[in-house]
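As C-alpha cells, the next two blocks hold two forms of the same chain, structure 1 and structure 2.
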Structure 1
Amino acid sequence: MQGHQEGADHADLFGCLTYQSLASEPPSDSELNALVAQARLRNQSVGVTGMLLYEDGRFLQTLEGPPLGLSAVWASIQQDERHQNIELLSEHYAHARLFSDWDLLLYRKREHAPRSLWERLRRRHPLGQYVQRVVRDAFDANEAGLGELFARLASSGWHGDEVVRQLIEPAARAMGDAWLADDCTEFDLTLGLGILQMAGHAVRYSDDIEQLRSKKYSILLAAAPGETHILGTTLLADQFSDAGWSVEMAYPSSDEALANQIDAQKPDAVDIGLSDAITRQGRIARLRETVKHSRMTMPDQSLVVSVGGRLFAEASATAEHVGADLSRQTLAGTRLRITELVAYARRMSDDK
C-alpha cells in the first residue's frame, strides 16, 4: 500500500484502498471489457481482488489483498494513461476480504433508488435523515463520504457504539427492506453492506480499553456457514482488536469446517453471525446444529458461544433457541458482554 513497509503488525491483515478517477477518453463497451480483462490477469498474479464501478466517464474502484501485491497494483494504476485526476479516497487494513470471489468485478451503477425508499426511512426512524444519508452513500459506493460523516459525528461527541447502534445497524436493515421491496437488486444490497463494512473501519471504540487490554483473551469471529453478509462479523473484528483481543476470522462452508477451525485455534469465545440486513427466519434449526457442533469441538474447555444478526436484533430468536450463551441484539457493547462471559467461564474452570 502507499508508503507501506510490510511488517509483523499487518502480516495477517489485508490491505484495502478505494480511489476515483476520470477516463481520459470515454471507453467503448469493448474497450472497457478489455481493460477489465487485463486488470484481472494482473490482479490474479498478486492475489488482489476488487470491484470497479464505471459511470459517465468516472471510475470508482475498491481493491484488496496482501499489502505488497496491493502496492504493485496501485503503482500500475497510477501510471495508466487511460484515466486521470486519480484521487485516493480511503486506505486501511481489514481482517477479511469483501470481494473474495471476484478478481475484478465490473459493475455499471443502477438507477437511483425510488423516492418511496427515502420516505419510508424518514417515517420509521427517529434519526431518519442520518440513516437516509448512510443508506444513500452505501448504495452509491461513497465510502469516503461515509467515513467523513462518521468522523464528524465522533468529533461532535458520538461514541463508536452510538454510530453502530443508531446509524450502521438501522441502515443495514433498511437496505435489507429495500431488497425485499424490490427497490434494489441483490448485488446492490451486497455492495451497500460492503461499503458500510469498509466505512465502519473509521469507527473506533475507547471505553475500558486499558482494562480490556490486560486480558489475554481470544475470539473466533465466524459467519454462519453459507451466510454471504459479513458486516457484523467484520465490525466486531475492529471492536475486539481495539480491545487487545487475539482475533481470528472464519467464513466456513459447513459446520465441520467451522469445528475444524475452532479445534485449531482453541479460542475463548466464538461469535457466529447471520445477516444484519435480512431476517434469516428459516436458519434457526441449522444454526442450532452449528452451535452444537462448535461446542463438541472443545468438550473439556469452556467455550463461550455468541450469535447475532437481524434475526436476534429484532428478538424473533434468542440464545436459548440455538443453544448459545449470548444472542447480541446489537453489535454495540458486544465485546464487553463477551468479556464478562469469558471471565466467568474461566473462574468456574479454575474452581473445579
Structure 2
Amino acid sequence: MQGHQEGADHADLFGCLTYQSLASEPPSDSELNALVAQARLRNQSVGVTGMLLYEDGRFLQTLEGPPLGLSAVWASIQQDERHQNIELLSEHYAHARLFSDWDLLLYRKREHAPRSLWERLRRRHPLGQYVQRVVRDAFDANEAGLGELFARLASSGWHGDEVVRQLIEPAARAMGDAWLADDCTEFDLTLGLGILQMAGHAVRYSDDIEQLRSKKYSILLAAAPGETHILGTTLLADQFSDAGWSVEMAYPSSDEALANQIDAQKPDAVDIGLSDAITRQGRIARLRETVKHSRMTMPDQSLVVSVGGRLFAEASATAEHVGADLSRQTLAGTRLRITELVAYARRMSDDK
C-alpha cells in the first residue's frame, strides 16, 4: 500500500484500496479466468481478499488485507502491462474486511445480448441461428413473424420439443438477461414473453402412440400465484392438448384459489410454473407452501406435482426444495416425464 506506515497504530487494521483502469486489450474469457486464478493463489498466500469487476474494457478492483501483503500485490498490479490508466479511487484503513470469504471475487457484467452469446447459440444447435431473431421479434411485438417462423420450422420437420428447448427457452432467458441489464423494462419483458407465448401456438408436437396412451389423463397447468409470466404454462398447454390430454389452466391469485381449482377438477397432475425469463430466486419458500397446499386437496397422495421456471432450468433449485415430484429443467419432454409419473401413481392406487 502506498505510503502506509507499519507500526503500532495500524497493527490490527486492514489496508483497503480501490482503483480503476483500462484493459490494454480486452481479455478473452479464458485470459480473465487465468488472471483471476493466479491472483487468487497469490492473494491467499499474503492474506489479501477482494473483488475484481470487468466490464467493457474497464477494470474496477477493491483489495484489502494486512498492509504489507497488500503493498506487495499493489506494486505488482501497478506494473502489469495488461492494463493502463490506473487511477486510485480510494485508499484507507479499516477494522473489518468487506470480502472476507473471497481471495478475489470476479464480477463480469454481461453485455446486453453480447455477440458471443448469439454465436454460441448458433454453434450449439441449428435452431440457435433463430434465437436472436426471436428475441427481436418478441420485443418488437411481431407475433405474426414469429408464428410464421414456428409454423415453417414445424412443416420442415422440427419437433415441438426441439423448438422449445433450442429456441424458445434460450430466447426467454436472453430476454430476462436484457431486463437484468436494464436494457428493457419489466413491462417490455412481460409483453415480449406474451408475444412469444401467443406465437408459440404454432409449435407442433406429434407423437401418435403417446397420444393414444395418454388420452385418459388430465392436468391442471397453473402459473404460481402472483406470477405474471406464463410462457411455460401456455406452451405446456399445447404439448399436452396435442397429445390428447384433458387440459385446464389456472392463473390463481393465491394458494387457496389454486387448491379450490384442484379440488374441483381432481386432475392427475398439476404443474406450477414460475417465470422462464427471470430467476425468481427468492420464491422457493413461497412455492413450497403452494405445493403443500395443493397436495392437501388430494390427501391420498395421488396428485403428481411438477414445478418449473428459470429457477429450476438453471438448477438453482430442485423438486425436493419445494416438495414437488418433478422439476422441469426444460419444457421439452415434460409431457413424457409427467406421463410416466401419472402412470406410476395410477398403478400404485390400483394396487391398493
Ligand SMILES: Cc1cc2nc3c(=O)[nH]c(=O)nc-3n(C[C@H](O)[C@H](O)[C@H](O)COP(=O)(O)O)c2cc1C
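Note that the coordinates shown come from a computational prediction; the quantities given were computed from them, not determined experimentally. Each form is matched to the other, and the largest set of C-alpha atoms that superpose within 1.5 Å is called the rigid core. Sequence positions of structure 1, starting at 1, serve as the residue numbers.
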Q) Between structure 1 and structure 2, which should be identified as the form predicted together with the ligand? A) 2
Q. Cα of T18 displaced 2 Å or more between the two structures, core superposed?
A. yes
Q. If we fit on the core, is the Cα of V73 displaced 2 Å or more between the two structures?
A. yes
Q: Answer yes if the Cα of E289 shifts by 2 angstroms or more between the two structures on a rigid-core superposition, and no otherwise.
A: no
(Q) Can you give me the Cα shift for L63 between the two structures? Core-superposed, in angstrom, one decimal please. (A) 55.9
